[in-house]
Ligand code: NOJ
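The chain below stands alone and is given as structure tokens, in the form predicted on its own.
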Amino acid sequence: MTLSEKIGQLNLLAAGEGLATGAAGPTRLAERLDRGELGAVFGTKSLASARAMQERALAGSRLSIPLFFAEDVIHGHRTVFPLPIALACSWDMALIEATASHAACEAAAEGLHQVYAPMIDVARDPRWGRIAESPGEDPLLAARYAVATVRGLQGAGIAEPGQVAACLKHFVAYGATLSGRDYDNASLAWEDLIEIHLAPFVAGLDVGAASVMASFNAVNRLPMHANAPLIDGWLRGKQGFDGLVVSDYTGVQELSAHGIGAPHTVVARALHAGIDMDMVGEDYLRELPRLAVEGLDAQDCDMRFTPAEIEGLIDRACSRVLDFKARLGLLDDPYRGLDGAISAPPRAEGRALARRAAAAACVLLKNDRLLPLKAPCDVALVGPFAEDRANMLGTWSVAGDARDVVTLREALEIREGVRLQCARGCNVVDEAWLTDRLNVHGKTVETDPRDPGDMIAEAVAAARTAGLAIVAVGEAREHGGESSSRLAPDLPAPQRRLIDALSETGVPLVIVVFASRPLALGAVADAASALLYAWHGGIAGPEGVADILFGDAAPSGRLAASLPAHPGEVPLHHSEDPTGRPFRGRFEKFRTGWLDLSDDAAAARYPFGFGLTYSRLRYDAPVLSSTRARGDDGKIELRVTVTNEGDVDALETVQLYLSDPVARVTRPARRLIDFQQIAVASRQAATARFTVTLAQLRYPLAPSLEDAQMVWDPGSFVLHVGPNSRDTTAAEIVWER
């Protein structure tokens, strides 16, 4: 291959934004296709456009090297499933794998070879909009989510019909953003990087994820697109990853804004770090020819490469791109996946799966013996999301169609014996300027021009007449996702005013929250007789909610991220470290309380792992096979019996946490080490069994990334088992060397 041909393979462009769709025309993309200066394209919208681009690329390439095609398939393709954070709330890995497998087949049927998923950033600040795409706040749950998603996307192999290559993102610590602002940098202990943020990537790599995407942020002051210690050192070296690493959108170009060099310098640094493909910016295409001739001597940032070294880095990256295409089967058959031979799964099958996933993702937070509802009944359905379609899809539903959504009103109207009165009650937000910002990607936030007082009065009248109100509130889809941070992660003011007015009627309120992030509910929970956190549930989200409300599906969701009591107490998570001065219920120097948040208000927060069922479940005390174990081969079995004292079958997620009260460094007060879902039939009991091994006791000590080691300390440990991270029973064990 010539130098130009090799550099061309490192160029990754978008099909949209007015470039080209394979048709003739003097666009930038068309020129690249004709000159063989393109390795891959993302964002194609049909099989025909991908096929046309492939034909043009093969004609323009002296060696007939094919393109591969990619797209953002974050929580479904044409069939939009619940948001990733909502799917994680199911804690059902088989279900998550099934949604990924369905999405893969739909994507492959449209000529896609790679999808930019799963997003496995551990996120603990609900102000950050991209927590919507995350599996939540816990590294173990995120790791299992990564495994399930990769298995679903890749199946038996990325060259198999109906499968695609997964791309783990964003590498790494993108979810550790400072103050919840998107694209911001992360400064954290190496121990936290290893134990929290790298752990899901280890899991995804272990099951064969074929590609990785770098993140926009810097980690400990070194931007990830130039972070050779983490990409070439940890990912390639320590983990042995031999797949493809792609940049994020203009991620290489943005290195200059990070302040680490001019365009030619940052290109050399990115290539040296291990970024194989440059997405959209075309900085590789522009700068590498000169660098390959002149080399680099950037004294201002102490970076030097000879021309031979630059060409060696180009060869390395090009080899990885070609190897990726070979693994996809494209070097043997450039039209693999583009010949129409792959059939998309039936839409009805996808809808049924989406409806089941939507119900499983719902988390029942409160129920004063009101749910499930029984027909016949009169219901007032109020709130700005009662008849909404577009927002139900959630953020990053790239190929979704809001016309596929059945609204909550429609889902309830078809139920025999349910007599509905509907009133909007309020708008999503008050401010016209904010409405405009939320509608930046298309109109998803409808505004009713009526007087707000009249709208509330109409909803109150409907609630009084019906004697029961279902209140559909939450966030617009553009409240969450990329570049959508919120200072105060709570319900917008007009919706809080609506709930306040409804609560004064004394009518029982079933409050359903459609959101993309964990919201501080505060007084909303007090006003509710029943409270259901439904997230943005995809095309069948409202149908899944209706199934839960009327008992066709039993609630089984558990929070993948803690819900704060007040928007000011974030970031918040279950795995905090102990301190020397805990709050003991009286004013002193304390950490866990707030001067302006009462104890009663603080109790309104919902902890990680929390969720109710329609049954009464009783946990027996845990039983240990032994209280002592020794050495690497030791193990302790823990079993706990759960009895269903109610009349409804339940699916219970039993959670096991660990405390290490004496260690070389401060360890989390409790850390999730395992969980298991068990079916508990009405008036029956079931037993969850866990095996505790030495591996679960280990933790990283890391004076630096290169010198990190996994250690453990002999002595006492505490196991906590229960239905969530707060309400547990403890058992002490001893592990000896």
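Each residue number is its position in the shown sequence, starting from 1. For clarity, every value in this text was computed on a predicted model and none was experimentally measured.
Absent from the display: the form predicted together with 1-deoxynojirimycin. The rest refers to it.
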Contacting member of R517, K169, H197, R124, with respect to 1-deoxynojirimycin in the predicted bound form [4.5 Å, heavy atom]: K169
In the predicted bound form, the residue from R558, R269, R130, H113 that sits within 4.5 Å of 1-deoxynojirimycin by heavy atoms: R130
Segment that reaches 1-deoxynojirimycin in the predicted bound form - one of 244 to 252, 558 to 566, 528 to 536, 361 to 369, heavy atoms within 4.5 Å: 244 to 252
Any non-hydrogen atom of W396 within 4.5 angstroms of 1-deoxynojirimycin in the predicted bound form: yes
Any non-hydrogen atom of L658 within 4.5 angstroms of 1-deoxynojirimycin in the predicted bound form: no
Close approach of F675 to 1-deoxynojirimycin in the predicted bound form, 4.5 Å, heavy atom: no
1-deoxynojirimycin contact in the predicted bound form: E482, any heavy atom under 4.5 Å: yes
Stretch 187 to 220 - residues with a heavy atom within 4.5 Å of 1-deoxynojirimycin in the predicted bound form: M213, F216
